[in-house]
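Consider the single chain below, provided in structure tokens and representing the form predicted alone.
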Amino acid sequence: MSESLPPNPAVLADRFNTLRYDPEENAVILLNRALYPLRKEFVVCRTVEDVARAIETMIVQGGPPLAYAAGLGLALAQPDPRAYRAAADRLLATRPTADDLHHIIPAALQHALQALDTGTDPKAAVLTFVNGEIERGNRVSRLCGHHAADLLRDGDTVLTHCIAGAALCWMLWIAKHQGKSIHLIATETRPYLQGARLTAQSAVEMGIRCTLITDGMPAHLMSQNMVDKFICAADRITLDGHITNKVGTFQIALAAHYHGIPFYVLGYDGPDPATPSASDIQIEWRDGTEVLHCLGHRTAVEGIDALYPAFDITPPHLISAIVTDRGLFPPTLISRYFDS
């Protein structure tokens, strides 16, 4: 990858401004992603519970960012083994599906406990580990985006769903600096409108042409030859090649398969070694009343029920390839990631 590539504005803004531990405040500072970019508001989390609630209420979103926020939040626990374990349990309970959270928190907890055992500063140990994971995540995202950019051709129209994070931004940015003109189509992603707000804002910052559609439009656009590739991320990848992502991904994958359109998954640092198959994935069911509202306004009549499974599972036969920092893998062979 060329070292002369200009900094990606959509990625650097996230790394240095929107998710951090402030030593003067002894607090975790989070950009409120439930409001951004319509409003730029930061939330100050002074306790573990503050961070947990910020994750649960979608103030911080996306697999890696919420895991980093949780990891920084663990540093706010009282320096006692019981307090650290209780804090880790609370943070792990916030989002059961995303696997980054379930890797970072146990590891951060071990760093804290080891520091207590050796008489060193547990907060510093946690912060050093988590900030190291953030830096590692930046490298993984860029490498994954580089491999994905090589899949794009000049003039491609790429459909994406929800917010695929830094790897998608790097994919688009690198493709742009390879001289490729890419048109991004983003689903609005109800009920929190991650596509309409976060994905679209990232495209605007990078100067990428972006068109917004409702969540029900992808199959029709595919039938009209208006989509060349479907690319999204995954909150969890199994060892046998299933992927979990924002609910709606499965039906778009079905439409792409029917129309012969490639579906690539931005798999970052590969599968979860603790998740052999789809039956091992716990799907998060959020409060159904969330789908009765949009941006704080009720959009449905009173007196009805609602359901909100936040994620769905797409089987490997619908996936063309999983793109990682170590290259591309056929979904059924994704376990070979650990041998590469």
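Since the model is a prediction, treat every value here as computed from it, not as a measurement. Residues carry their position along the shown sequence, with the first being 1.
Same protein, other form: the form predicted together with a further copy of the same chain, not shown, and the subject of what follows.
- Put simply, of 261, 92, 213, 151 only one has a heavy atom within 4.5 Å of a further copy of the same chain in the predicted bound form, and it is 213.
- Residue contact check for residue 96: none of its heavy atoms lie within 4.5 Å of a further copy of the same chain in the predicted bound form.
- Looking at residue 68, you'd find every heavy atom of it more than 4.5 angstroms from a further copy of the same chain in the predicted bound form.
- Although the partner is absent here, residue 312 sits close enough that one of its heavy atoms falls within 4.5 Å of a further copy of the same chain in the predicted bound form.
- Remark: residue 188 counts among the residues lining a further copy of the same chain in the predicted bound form, judged by a heavy atom distance of 4.5 Å or less.
- Here the chain stands by itself, but in the predicted bound form one stretch of 119 to 127, 205 to 213, 98 to 106, 83 to 91, 205 to 213, has heavy atoms within 4.5 Å of a further copy of the same chain.
- Contact residues in stretch 217 to 235 (any heavy atom within 4.5 Å of a further copy of the same chain, taken in the predicted bound form) are 217, 218, 219, 220, 221, 223, 226.
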